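Okay, here we've got a single chain as structure tokens, the form predicted on its own, with questions on binding and movement later.
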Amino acid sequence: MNWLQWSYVAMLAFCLVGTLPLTHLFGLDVLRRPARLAATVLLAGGPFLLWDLWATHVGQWSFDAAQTLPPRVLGLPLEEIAFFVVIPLVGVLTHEAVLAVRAGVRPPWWPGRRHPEPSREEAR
């Protein structure tokens, strides 16, 4: 294998590295609701994965072996299948982070960030 075959995997990893920290920065609970997240990923990526399988099977498009890893599932490179999991996940994380920012949530290092009001139990 050469570095070019890892480029697709590297792109997916780059997307995850850029968005997974959003869960910590904005206190997102997306990953704490796995069933809901799995349903979202399945509904968002499933139809496109089926379309990809069909299009590859009938020869509408193909994948360059020089630019993908050798393992295949039903004729698709593993990273192509991972794409339909990673990109919906990244989309959900980004959407939830935007909603948090619009609601006034800021990362801990944000200048001028106010500390949240203590709850009644914490104030006692």
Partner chain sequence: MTYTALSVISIVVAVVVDRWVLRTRLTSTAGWWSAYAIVVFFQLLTNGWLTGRGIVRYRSDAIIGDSHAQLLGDGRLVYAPVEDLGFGFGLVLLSCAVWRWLSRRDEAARTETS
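These figures come from a predicted structure and were not determined experimentally. Numbering follows the first chain given and starts at 1. We call the rigid core the largest set of C-alpha positions that still match within 1.5 Å between the two forms.
Keep in mind the form predicted in complex with the partner chain is missing from the figure; the text below concerns it.
Trainee: Considering only heavy atoms, tell me if F83 and the partner chain come within 4.5 Å of each other in the predicted complex.
Mentor: Result yes; F83 sits at the interface with the partner chain in the predicted complex.
Trainee: How about F26 - does it come within 4.5 Å of the partner chain in the predicted complex, if we only consider non-hydrogen atoms?
Mentor: No.
Trainee: Is the gap between W110 and the partner chain in the predicted complex 4.5 Å or less for some heavy atom pair?
Mentor: Flag for W110 set to no.
Trainee: Is there any non-hydrogen atom of V17 lying within 4.5 Å of the partner chain in the predicted complex?
Mentor: Result no; V17 lies far from the partner chain in the predicted complex.
Trainee: Does any residue in 30 to 62 get within 4.5 Å of the partner chain in the predicted complex, counting heavy atoms only, and if so which ones?
Mentor: Stretch hits, in order: V30, R33, R36, L37, A39, T40, L43, A44, G45, F48, W51, W54, V58, G59, Q60, W61, S62.
Trainee: Does A35 shift between this form and the one not shown by 2 angstroms or more at the C-alpha, the core having been superposed?
Mentor: The answer is no, as the C-alpha of A35 shifts between this form and the one not shown by less than 2 Å after core alignment.
Trainee: Determine, after fitting the two forms on their core, whether T94 shows a C-alpha shift of 2 Å or more between this form and the one not shown.
Mentor: Result for T94: no, shift under 2 Å.
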